[in-house]
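One chain comes next, on its own, written as structure tokens: the form predicted alone.
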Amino acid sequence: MSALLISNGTIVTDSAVFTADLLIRQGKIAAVGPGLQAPDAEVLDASGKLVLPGGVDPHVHLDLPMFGTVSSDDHYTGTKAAAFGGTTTVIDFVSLDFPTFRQSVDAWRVKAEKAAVDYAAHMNLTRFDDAVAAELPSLLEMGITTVKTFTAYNNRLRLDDGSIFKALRMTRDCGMLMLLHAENGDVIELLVTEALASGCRTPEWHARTRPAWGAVESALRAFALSATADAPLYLVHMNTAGEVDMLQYARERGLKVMGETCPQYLFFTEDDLRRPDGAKWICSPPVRSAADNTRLWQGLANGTIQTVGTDHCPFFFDGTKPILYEGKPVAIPGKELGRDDFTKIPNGLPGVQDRLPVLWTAGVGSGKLTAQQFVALTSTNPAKIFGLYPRKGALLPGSDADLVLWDPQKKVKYGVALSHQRTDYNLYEGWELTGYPEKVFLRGRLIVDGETWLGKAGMGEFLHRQPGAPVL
């Protein structure tokens, strides 16, 4: 691979903004500084552009079976979309579908081989017994250092508090990190049963049967288990103001806890579920209220929340009508499956491409976030928390040359026409954005050039993560 010198760009890291050149050799960053000389290198003039580390999305679901269908992005289409949005690393989830972790991971690895950007995995811990406990440390040999547990989805995914506590002590001893989905499964089951019995079947009832207080109390309960076990915990897809309050309360008392939110929880509310196409906004946990949006933004700005992921898990709005993807018709059953019953609407939204452009406009463009905070939330912090730093999430000598040439002045009218997510709608249809990726590099290779795709299926590498990552 030939050398590349990116000259005159404005480097943006999680801690600084400065003008410098950046030299890439053999897929790695070789040097960063002013006036770099490399006579053998191709030169790319980045005057007027920002140079950012490639985004790290800590929370995606690709090729995920649900409700008799499957999420519409697989490990190729989803990672291609990620690249167009400036994200060069994603972390997917392995379902515990087989008797052992090893069998489950091996099956997932086969599906993930087509990834077009680099990728890693969390392990869903959805049952806990002596056999599972005995095998848990072996995840480290597979390069997986994180497990996800649930306080909802009774009789499917949920673990009881005792099992979560036992698992926390094991993850602590192994240098691993537990992720937790916080909702009250018992309350949800009761409210869903009552809603259906009363004939309440429209999309807004998805939110009404998953009350915010259930998330708040489950989050605090999880933090209490974390504190008692003296084990780190990461709260996924925070969606309500009370969770920010609970995270702040726990961190102020020295607990080893961290949190993530997603763009949908910063912009949308239960009112969107009442629209004629409200099923498009069905995700779990649900979107909440404008007050929750505001408090989540505050949590990002003041450092209470460490990351912005996407929980990318798209479905067609109408899977009976094909769309063209790479010139071929594609139709996958989607949210029309629950046209007459909100409990049958596949839970999930597209977002892996949208995350950086939308957050830049609404966060940096509005002054809610600095450019450095943007990089921290979307790249550097996830890389640190999940054991990928400084290989990922950094613009340092020796780091992978994953970077984005970002045009802060570029204006686009965003929506499904610009999206490479394999579905038939976009949550941000018609939004006017300012600031957009111009070129995206994966390990020094140009994979996105404007609207031209230069990547390919299978060029992504599996990232074998190391235990003992820091609590930020």
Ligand code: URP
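Quick note: we count residues from 1 along the sequence shown, nothing fancier. In this text, all values refer to a predicted model and were calculated from it rather than measured experimentally.
Separately, the form predicted in complex with the ligand exists; it is not shown, and the next lines address it.
The contact residue chosen from Ser399, Thr209, Thr361, Asn347 relative to the ligand in the predicted complex is Asn347, the criterion being a non-hydrogen atom within 4.5 angstroms. Residue-level contacts in the predicted complex: of Arg443, His420, His61, Lys49, one residue has a heavy atom within 4.5 Å of the ligand, and it is His61. Judged by heavy atoms within 4.5 Å of the ligand in the predicted complex, the contact stretch among the candidates 81-89, 373-381, 161-169, 281-289 is 281-289. When contacts are judged by a 4.5 Å heavy atom cut-off, His181 counts as touching the ligand in the predicted complex. Interface membership of Tyr153, defined by any non-hydrogen atom within 4.5 Å of the ligand in the predicted complex, is confirmed. Taking the partner from elsewhere, Met66 is found to have a heavy atom lying within 4.5 Å of the ligand in the predicted complex. Looking at Lys114, you'd find every heavy atom of it more than 4.5 angstroms from the ligand in the predicted complex.
Counting a residue when any of its non-hydrogen atoms is within 4.5 Å of the ligand in the predicted complex, the hits in 289-314 run Asp311, Cys313.
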